[in-house]
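Okay, here we've got a single chain as structure tokens, the form predicted on its own, with questions on binding and movement later.
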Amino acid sequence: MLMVRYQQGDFTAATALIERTSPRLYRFFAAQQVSRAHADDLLQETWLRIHKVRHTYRPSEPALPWFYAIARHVRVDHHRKSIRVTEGERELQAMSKTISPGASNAGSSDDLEALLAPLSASEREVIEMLKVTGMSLEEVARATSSTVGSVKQKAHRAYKKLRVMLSREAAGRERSEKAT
């Protein structure tokens, strides 16, 4: 009944629904051996999705299984995203090792400038703030007067360009080594 009222725009019903259902959904996420912070994030993402798709709920169906189906999709999406991020970081680390193996001044600002030269000024700025100074996405967003989404997009595009560039350099080195 609360879900039907929520669909009709009664946000007091939504509040009551959240208060009643959130502990169950939280336990669902916490049982997956994720940290409390991740469980909180997943719960919040679940409620955002429920809000976005509340119009698809069928009043003749029970609401709890519908909530759990959405929560399951949120959990799966989160897991897939974490795998992609981890793989991307590993690729970048592996490629950065091939760029200057054993170089004594690998951390010099000249090397960093040369590495980041193909990037646009805004991408370079975001990468330097995230990776060199160690700022969080939120801090970079505030510093650049943009949104977290915009920062993520710029970082993603920069990583993609760097991956392509480093792959080409590694392939070129391999060809020259085979030729000699």
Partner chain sequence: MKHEDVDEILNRALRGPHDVKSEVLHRIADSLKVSFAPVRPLPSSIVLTAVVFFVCVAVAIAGAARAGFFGFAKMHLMERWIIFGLLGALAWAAARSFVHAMIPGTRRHITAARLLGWSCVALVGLFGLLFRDYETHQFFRLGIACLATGLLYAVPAALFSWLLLRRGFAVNMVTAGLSAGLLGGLAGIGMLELHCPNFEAAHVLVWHIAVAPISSAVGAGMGWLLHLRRASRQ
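Throughout, rigid core stands for the largest set of C-alpha atoms superposing within 1.5 Å between the two forms. Residue numbers count along the first chain shown, from 1. From a predicted model like this one, the values you see are computed outputs, not experimental measurements.
Heads up, the form predicted in complex with the partner chain isn't pictured, but that's what we're talking about next.
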- Does at least one non-hydrogen atom of Ser122 fall within 4.5 angstroms of the partner chain in the predicted complex? no
- Even though the partner chain is not shown here, does Gly172 get within 4.5 Å of it in the predicted complex, heavy atoms only? no
- Message: Is it the case that Ala69, even though its partner is missing from this view, gets within 4.5 Å of the partner chain in the predicted complex, heavy atoms only?
- Response: yes
- Item | Partner proximity in the predicted complex: Gln44 to the partner chain, non-hydrogen atom cutoff 4.5 Å | yes
- Item | Heavy atom contacts to the partner chain in the predicted complex at 4.5 Å, residues of 138-154 in sequence order | Glu138, Arg142, Ser145, Ser146, Thr147
- Answer yes if the Cα of Pro59 shifts by 2 angstroms or more between this form and the one not shown on a rigid-core superposition, and no otherwise. no
- Item | Core-aligned C-alpha movement of Ile50 between this form and the one not shown, 2 Å or more | no
- C-alpha of Asp40: shift of 2 angstroms or more between this form and the one not shown, rigid core aligned? no
- Message: Relative to what's shown here, the Cα pair His51 and Ser150 differs by 3 Å or more in the predicted complex. Does it come closer or drift farther?
- Response: farther
- Item | Distance direction in the predicted complex for the C-alpha atoms of Lys152 and Val53, relative to the displayed form (3 angstroms or more) | farther
